[in-house]
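Form predicted on its own, single chain, as structure tokens, below.
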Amino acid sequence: MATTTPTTRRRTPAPPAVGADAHFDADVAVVGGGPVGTLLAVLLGRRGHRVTIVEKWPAFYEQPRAITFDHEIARILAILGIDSDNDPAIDYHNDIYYWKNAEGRTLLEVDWASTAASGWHTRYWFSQPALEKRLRGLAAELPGVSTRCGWQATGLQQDDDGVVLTGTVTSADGTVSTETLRAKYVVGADGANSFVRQALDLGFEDHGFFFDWLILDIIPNEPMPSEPTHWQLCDPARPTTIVPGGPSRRRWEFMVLPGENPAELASTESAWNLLEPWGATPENSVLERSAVYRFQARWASAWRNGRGLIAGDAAHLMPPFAGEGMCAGLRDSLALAWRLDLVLSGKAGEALLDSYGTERAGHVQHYINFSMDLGKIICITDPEEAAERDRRMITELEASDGTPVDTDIATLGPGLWIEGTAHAGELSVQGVVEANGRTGRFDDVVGRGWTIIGRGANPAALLTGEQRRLLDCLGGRCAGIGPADDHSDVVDVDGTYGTWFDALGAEFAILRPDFYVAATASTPEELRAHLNTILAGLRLPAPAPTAAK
């Protein structure tokens, strides 16, 4: 089992709780009403927990920011009933992501065309305002979830039982007042300048990667040439990214060159001048947004201090070249939600929360480093250096077998998974299966949550009685998967699981609620041993004592 480094707790004394049944306004207070905070609130609210979201702005921002997510996020959104393949606010394109030089020669081909191992398309494009509105609507349907806008957090204190959050509240008539909110836990999903991160005294490590880019979002009024669908122009005269911006939208990203004034470059006149060579004009398009962003690479050195935690941009910032910034934040939400659910339900000890930070930090650092590596290639403005890059990449491409590059490899940091077992700490596959009178993706047909799958026979009979009790306490399940003529519980319709088990050299896999593999095993003995290790890490409750007769 990968080890977890303990988190040092620094607690500022709070007003003492009154008795064991001290009042709580919420189980969890979430600071920040963006997609990361709202997804966390919805996931917890659906498990019956009370969540209050506080958002400092009086109204939600209605312009685009993030525009893309990957197959793993499609899998997470499906928990909420959002079907990324058929949603009007989400789009996908069966096309390669091309990198081209100034002469139009291809330098690199990245596979954004196929269906990923998790059962969804590799890459999706969306409208963030539309997605956020959908998430807020789901939150509004939950009686235990509330959202307070115009509520700016200004103070945070915690004791052994909970957290007191203090904020200034601006009403519709402009009146400003001070309020306090007491919760069992607080999560800061409040962006790069996170108040919660600073209040918890969590360090933020800067990796010295800074580039300013102009982001232009347009809505075409008529069909516009878009071949290839998404590509990167590696031109030292002006590195440029051209991608979809969600249904009926396009985005251009232009690097701000040394000596240029970012504010002048972002002016409406300058924006249209940059877009004109691409066929976008005021006559055929609407300029939805023009803004300069500084691409950065930073991550928090710790993600938890006592009853306070951070997620999303509060915990990490990455350049957008891999399209993984918001994705990382939504992964944080799911990873934190299932842990907080177990802790709040009394099914796991509070120490389980430490593995949230160690796991997510290791995972997100992979994507930040990967994004920086891409940026160092893309953001070259010296012609000689660019020419050398082009020669090298063209030679490498010509020497390859023509298969587009698959960049989807990332492993969790140390935490609740068993290192050394095949595929542990990585995202599990998902195939089409048949069970319970239905045919579809595994998550929809068999279910989500803690799951033990085995090749062929159901592995439940191989577990001890205590293991079955604890798995039931988790709301987990067991399932045997095999071909139609194998009489398994679940029919492996497209052969995904048979192929996967062959590649693993394993017969069993323990899957977590966030779709990551906790462990794999080749024998029943290994399965039982690995499951004991995982269950011990969760610190589940002992069985109730039997009453004396």
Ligand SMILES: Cc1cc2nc3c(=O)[nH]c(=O)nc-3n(C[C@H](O)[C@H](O)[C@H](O)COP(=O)(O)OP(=O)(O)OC[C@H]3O[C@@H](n4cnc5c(N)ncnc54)[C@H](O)[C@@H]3O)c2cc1C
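Quick note: we count residues from 1 along the sequence shown, nothing fancier. Just so we're clear, the structure is a prediction, and the values are computed from it rather than from any experiment.
The form predicted together with the ligand exists for this protein as well; it is not shown, and the discussion that follows is about that form.
Proximity of residue 189 to the ligand in the model of the complex falls within the 4.5 Å heavy atom cutoff.
Under a 4.5 angstroms non-hydrogen atom cutoff, the ligand in the model of the complex has residue 36 among its neighbouring residues. Looking at residue 313, you'd find a heavy atom of it within 4.5 angstroms of the ligand in the model of the complex. Of the heavy atoms in residue 306, none are within 4.5 Å of the ligand in the model of the complex. Candidate site formed by 31, 54 and 65: every one of these residues places a non-hydrogen atom within 4.5 angstroms of the ligand in the model of the complex. Among the residues 98, 370, 272, 293, the one placing a heavy atom within 4.5 Å of the ligand in the model of the complex is 293. Of the listed positions (182, 71, 363, 251), a single one reaches within 4.5 angstroms of the ligand by any non-hydrogen atom in the model of the complex, namely 251. With the ligand omitted here, the record of contacts in the model of the complex names 323-331 of 348-356, 475-483, 110-118, 323-331, defined by a heavy atom within 4.5 Å.
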